[in-house]
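What follows are structure tokens for two forms of the same protein chain, given separately as structure 1 and structure 2.
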Structure 1
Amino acid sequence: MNTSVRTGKSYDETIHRNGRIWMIAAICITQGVPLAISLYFGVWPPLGKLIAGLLPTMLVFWPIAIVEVLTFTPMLGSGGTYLGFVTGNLSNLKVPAAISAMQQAGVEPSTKEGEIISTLAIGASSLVTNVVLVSGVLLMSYLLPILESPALKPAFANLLPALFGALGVVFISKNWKISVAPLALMIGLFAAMPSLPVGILIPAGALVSIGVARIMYKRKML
């Protein structure tokens, strides 16, 4: 029997309760390992050097994390969001898997059906990822010479652009008018300042996309 039925709670309440528990558990585990090592060996990093090392990382990844939550949550739903952020690797794997599964099932994001399909797809991709990682670790000595061969290096270097290019074509084809402004902005920014961090590019693209879409909607251009 479903957990929400047994406890008398709704699906959303159950998802949020379990999701928060696992998020807190994941934070405790990831932070607990270095803490346990420091406690056991009595070795602590100097506070000044720790802050100096963390600050550049925080400036880059904290804005990305906030933007990812705001961007991915409407697409993945509550269950998919909790599961995706606990297991990680959202942009490269979980989001494409969820979007592809919803398209194959003929359901839309931000619906109950879409959330269920998204959660199942992310769960399946997490299990497959673990199987692949374990297999890769066990077979690494045999696979490394093949993966580092000159013939395969160009393919691995272009894997991420190919993945997001394919996803981009799907969304752009649905309404190409909305994509013109953010694409022009991203191309212009990257051409002018190719060293800009992703933490700036993603919010800029999202804000321009929302703003232009709203203007076009008010002018009945969509």
Structure 2
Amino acid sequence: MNTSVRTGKSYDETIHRNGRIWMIAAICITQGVPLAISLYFGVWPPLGKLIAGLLPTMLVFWPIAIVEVLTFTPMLGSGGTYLGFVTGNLSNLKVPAAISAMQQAGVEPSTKEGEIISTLAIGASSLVTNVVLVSGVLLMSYLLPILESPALKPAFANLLPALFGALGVVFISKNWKISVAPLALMIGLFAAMPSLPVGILIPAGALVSIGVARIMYKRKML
């Protein structure tokens, strides 16, 4: 089934139209969640502080979003893209699920058959994640008092070092040469000014990291 079947435009046209409608609905719903919280509880964060809290991560994640859209869209096909980008967890779940389903069915991405198999795979994957999360959240709501017990406080207080220790190992082992400059910068900054907020550290780290990586890439050191 490796050959692409030529068909009329109807499915393609419909999937893009419907996909856009669902995507706009998803944008409204995801932004509607904080809006509902603010309206219902009557709490509005001051705009200046919100922007200060939002900018540093946007600086890193919005360019990543562009690369992800350009990379994953041809891989997942139209239906898979509209569904996958709404349900999230792309690189850790949806993309591998779609690719392995296409491999097992013996079809290629970017063909009519690949489009169908990928959409089915991402749909099934989203449903399963949903079932697991809903049942897990129901179960965990009984465990909330335990989660908030004083003995576990230091555990949750160290969530960030726990995430970034593990992520650090992943990225350093992937490409240790890229990691040297930003790590050196952070150790230096920490020694000089120990209490700088991450809102300043993130753009500094990202700019130095990208700049040095670009120079090394141009000099064929990567």
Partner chain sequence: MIDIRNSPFLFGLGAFVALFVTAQSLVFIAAAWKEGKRLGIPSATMRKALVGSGTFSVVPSIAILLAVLTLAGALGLPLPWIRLSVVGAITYELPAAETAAQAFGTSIKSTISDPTVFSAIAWAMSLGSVFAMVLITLFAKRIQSGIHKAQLKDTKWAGLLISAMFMGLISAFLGSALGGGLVSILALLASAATMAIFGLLIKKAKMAKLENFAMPVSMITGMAVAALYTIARNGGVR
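Residue positions are counted from 1 along structure 1's sequence. What you see is a predicted model; the values in this text were computed from it and never measured. The term rigid core refers to the maximal set of C-alpha atoms that superpose within 1.5 Å between the two forms.
Between structures 1 and 2, only structure 1 derives from the form predicted on its own. Core-aligned CA deviation for residue 106 between the two structures: less than 2 Å. After superposing the rigid core, the Cα of residue 128 is displaced by less than 2 Å between the two structures. In the core-superposed comparison between the two structures, residue 16 has its Cα shifted by less than 2 Å. After superposing on the rigid core, the C-alpha of residue 177 is displaced by 21.0 Å between the two structures.
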